[in-house]
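Heads up, the chain below is alone and in the form predicted on its own; it's given as structure tokens.
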């Protein structure tokens, strides 16, 4: 199958397939006499693996390691578990950061009158200006 068909079957865009090939995440596929890429079921399976790993938030580097482990039938599952556990910790940290952002923005939105006056605690906060200074003409 050609790259468009492989993209359709794997859910990975043709552009990303070319990128993954360029950075060495996937092996270059065989080519036709006309130099078109040719993909088979095995390559599509690898692309689906990559798509799922990326969807779960693994970096390209982590995905590369996981792909290597997946392809190594003598691997120890402990290494895979360690990578996934570390990723969970990173996701939990990111979630906490995002929740902090939501809390801060919710507070700022609550403090903003949202009327025709120019005073805006949201912009004051972004500018690092205390609200008292803006009311004094700063």
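Numbering follows the first chain given and starts at 1. Throughout, rigid core stands for the largest set of C-alpha atoms superposing within 1.5 Å between the two forms. No experiment lies behind these values; they were computed from the predicted model shown.
Keep in mind that the form predicted together with another copy of the chain is not shown, yet the notes after this line are about it.
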{"query": "Proximity of residue 77 to another copy of the chain in the predicted bound form, heavy atoms at 4.5 Å", "finding": "yes"}
{"query": "Another copy of the chain contact in the predicted bound form: residue 25, any heavy atom under 4.5 Å", "finding": "no"}
{"query": "Another copy of the chain contact in the predicted bound form: residue 87, any heavy atom under 4.5 Å", "finding": "yes"}
{"query": "Any non-hydrogen atom of residue 61 within 4.5 angstroms of another copy of the chain in the predicted bound form", "finding": "no"}
{"query": "Residues within stretch 18-52 having a non-hydrogen atom within 4.5 Å of another copy of the chain in the predicted bound form", "finding": "45, 48, 49, 52"}
{"query": "C-alpha of residue 111 off by 2 Å or more between the shown form and the other one on rigid core", "finding": "yes"}
{"query": "Exceeds or equals 2 Å, Cα of residue 23 between the shown form and the other one, core fit", "finding": "no"}
{"query": "Post core alignment: residue 123 C-alpha displaced by 2 Å or more between the shown form and the other one", "finding": "yes"}
